[in-house]
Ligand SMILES: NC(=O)c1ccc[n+]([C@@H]2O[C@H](COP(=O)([O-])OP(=O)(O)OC[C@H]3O[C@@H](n4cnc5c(N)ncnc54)[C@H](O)[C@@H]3O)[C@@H](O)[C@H]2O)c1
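A single chain, nothing else alongside it, follows as C-alpha cells in the form predicted on its own.
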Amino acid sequence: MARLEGKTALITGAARGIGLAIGRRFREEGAEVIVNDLDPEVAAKAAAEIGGTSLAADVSDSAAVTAMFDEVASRHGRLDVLVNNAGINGVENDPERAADFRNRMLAQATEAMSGGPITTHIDSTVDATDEDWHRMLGVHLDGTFFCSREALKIMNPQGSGCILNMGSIMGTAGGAGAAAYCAAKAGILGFTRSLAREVVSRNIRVNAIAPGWIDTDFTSFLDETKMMIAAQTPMGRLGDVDDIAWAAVYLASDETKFMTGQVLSPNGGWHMSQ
C-alpha cells in the first residue's frame, strides 16, 4: 500500500523479533530501512533478508550512537522515522537465572491458587546487582534518549520526523521480578510525552508502543508460564510480532498526523489502562 513510501527509517535492535518484523513491514510499505543491532554480522544478515541496510552500535554507548547517526546523515541525508526498539530482558545470557525466576513464578502461582500461604518469593530486586540495574536502564532508557537526541539533530533542520519508542504494559502495570525493566519502560513513557511536547513545534511527532506479552525469543525463557499468561489474557493468547509491527506502521504513517505523545498498546486486553 506504500504507506511509508519515500521515508527513511532507522530501527534499533532490529535483527530479530519485533524489530525485524517492524523492519520487514516498513520495507513492504515503501520505506528505506536501516537495521541496527549490537552485532554487525547479525545486523547485516537481517538487513539483507528484508532488503535494507545495516549499522551496528550499542545504543547504551553515547559515543557509538553519535557515530551511528553521523553515518545515517552521511549516507542518507535525512531521517524520517526512528524506532527505539532495542532492549534486553536481563536473563538472556543466564539460563540458570531464567529457570530460577520461572520456577519461582510457577511455585508462587500454585501456592496462591491452592489458598496459600505464600512461601515462595520472587526476590529479584533484593538479589539484583548494581550492574543488573544500570545495564537494564542503560539499554532501554539511556538508549532511547541517546538515539532520540541524535535523531533530532537530523530531523530538526528538516522540520519533520517521527519517533516511536518501545514501552511496555510493564511500564504502567508493573510486574513482580522486573523492577529495573518496569522502571525503564515507565521512564520511556514519560520521556515520550515530554519530548512530544518539546518537538511538536518542528512538526516532529513522538509516540510510544506498549506491547503486551509477545511470543518472541525475548520471552522464550518463560516456557510453560506462557500458558498461565495466555489464560490471564482476555484474547486467550500471547501476541505475535506482527501485532506490534502493524502498530508501528500505523504510527509512522501519515494516518496518525494528528497523534503525538500517545501510547498505543496491543496487548490482547491483558492491561486496559495505558
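Owing to the predicted nature of the structure, the values given are computational and were not obtained by experimental measurement. The first residue of the sequence shown is number 1, and the count goes up from there.
Heads up, the form predicted together with this ligand isn't pictured, but that's what we're talking about next.
At a distance threshold of 4.5 angstroms between non-hydrogen atoms, residue 52 is out of contact with this ligand in the model of the complex. The closest non-hydrogen atom of residue 90 lies beyond 4.5 Å of this ligand in the model of the complex. Among heavy atoms of residue 69, none comes within 4.5 Å of this ligand in the model of the complex. Contact annotation for residue 17: at least one heavy atom lies within 4.5 Å of this ligand in the model of the complex. Here is the short version: of 217, 41, 224, 240, the single residue with a heavy atom within 4.5 Å of this ligand in the model of the complex is 217.
Distance criterion of 4.5 Å from any heavy atom to this ligand in the model of the complex singles out 57 from the list 249, 57, 31, 47. With this ligand omitted here, the record of contacts in the model of the complex names 138 to 146 of 124 to 132, 93 to 101, 192 to 200, 138 to 146, defined by a heavy atom within 4.5 Å. If you take 23 to 48 and check each residue for a heavy atom within 4.5 Å of this ligand in the model of the complex, you get 36, 37, 38, in sequence order.
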